[in-house]
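Below you'll find only one chain, the form predicted on its own, shown as structure tokens.
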Amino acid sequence: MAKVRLALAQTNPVVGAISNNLADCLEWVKQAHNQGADIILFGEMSATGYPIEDLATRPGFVQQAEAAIDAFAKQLQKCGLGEMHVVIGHPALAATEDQSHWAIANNCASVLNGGSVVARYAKHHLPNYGVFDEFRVFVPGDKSCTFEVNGIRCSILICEDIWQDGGPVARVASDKTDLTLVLNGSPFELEKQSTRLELVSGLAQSTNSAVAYVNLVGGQDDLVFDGNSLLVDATGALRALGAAFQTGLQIADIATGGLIENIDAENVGQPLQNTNTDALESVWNCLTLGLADYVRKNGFKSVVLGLSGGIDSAVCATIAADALGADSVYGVSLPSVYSSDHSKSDAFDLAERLGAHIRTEAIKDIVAVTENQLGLTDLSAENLQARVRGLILMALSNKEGHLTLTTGNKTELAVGYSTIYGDSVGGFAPIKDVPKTMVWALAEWRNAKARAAGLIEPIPQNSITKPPSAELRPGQVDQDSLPPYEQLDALLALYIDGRQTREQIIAAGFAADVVDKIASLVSMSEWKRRQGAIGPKISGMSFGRDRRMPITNKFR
């Protein structure tokens, strides 16, 4: 029986850093070679990073990427690795330009062997929904790609190709494929992994082949790729599952007919869990990796954020400490004349628990001067306090080189419960796509994890249990102007994520006046969201890439 040893490589590329990305790939090829691999499969656009957006329309970029792949093939040969078949993703100039005259490149996978490119596949189905704009920047392929290694027939597909019926998937079956190699750049979303497994399992059964599904790892702006690569046999059974949110290598032997043998013991697939605890852990890992990579890939060393003693800033600071190390987290207590004693003490308690830096920069004097000069009262005076805090944080960012974090959650962003150029100021928003109720759940989960490890809880209980407040006027709490967060998040899930109508939401049990008020707040706040910082996507309807609404909009 014919047999081939396959390596699945989960890598974390940086968009545009082609030389560094390929140097990293070379190290994975060496590791795979040392374990006797005949084929190594990388993720989608692993040579250039993904998504490359309009870089795909820049001839200089695409030509550089294509030349780098040719040079990489020669380098592999020179290093004594030329006998391996290396399947790697990258852009390449299309044979004919798209009729739109905009797209010039294919989203490709090349097979490198013997010092050259021996086969190439161009992605057929170009997603044009949610976070994806590939139909805008790529030219679709129209040819299949099947090659043979040690008597095993291998076919290539790229990501969206397996989400669509017909086309290249049908050709895999007709080509009598033993092993289908799927390169992916699939961002994390809650509950997405079970959908991937169902899809890959169905592909294996329909093509009667083993399927290796390799995903990228790492943060790219507001997207986080979670790894979780899959290997299933021709019956559709899960045989190996890649690590979540980590780079790594898996080895398995594939035999004729899609049989899978000799899987690396540490990588044997485990049943996928769907408990709430598992979901919270996945979200936390997504948020920490997204922040860590945004900081690292953009050349920052540390972050600064306001610590109010509340739950949002406490969770953001803890995410930052987990992502970067506590010594890279600089908290600032920014008390006003309305700040409670517990807000200040809870902020310092948090910093001590984390081991993070903290200082106090009172805003009273700056606020007083500006209020007097401009004669501000009521809402304009409240907003001034938030904007003075933003001014101080950005000044410290400029002076000391920190990336400023803004701590708003998805619920607040939805209804505009923030001050533009104030508490919304910053370069990255760690919990931008996290509803308020989940923020509390994440805090409880993180504290429980610390207790289980015999460590101190990072988040003070008072930050979790006290009523949330912006503290911009005496006695203010969020629920003065908003429904209870449990009710608000449930309503927003129907309206934003579910895109349900007013009538449907009312039928689900919500009062008509509450639905009208919240829908109006969401619409009126679009201009704020359009100017906000990016943050890691965890849902299927995140603000920014997923949900794009006109600012000038009279539809209600």
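Residue indices: 1-based, along the sequence shown. Since we're looking at a predicted model, the values are computed, not measured.
The same protein also has a form predicted in complex with another copy of the chain, omitted here; what follows describes it.
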How about residue 455: is it within 4.5 Å of another copy of the chain in the predicted complex, going by heavy atoms? no
Although the partner isn't part of this model, could you tell me whether residue 418 comes within 4.5 Å of another copy of the chain in the predicted complex, counting any heavy atom of the residue? no
Give a yes or no for residue 80: in the predicted complex, does one of its heavy atoms lie within 4.5 Å of a heavy atom belonging to another copy of the chain? no
Just to confirm, residue 551 within 4.5 Å of another copy of the chain in the predicted complex by heavy atoms? yes
Mind telling me which stretch in 160 to 168, 346 to 354, 435 to 443, 226 to 234 gets its heavy atoms within 4.5 Å of another copy of the chain in the predicted complex? 160 to 168
What is the one choice in 487, 520, 35, 64 with a heavy atom within 4.5 Å of another copy of the chain in the predicted complex? 64
In this chain shown alone, the residue from 194, 373, 174, 481 with a heavy atom within 4.5 Å of another copy of the chain in the predicted complex is 373
Going through 27 to 45, which residues have a heavy atom within 4.5 Å of another copy of the chain in the predicted complex? Please give them in sequence order. none
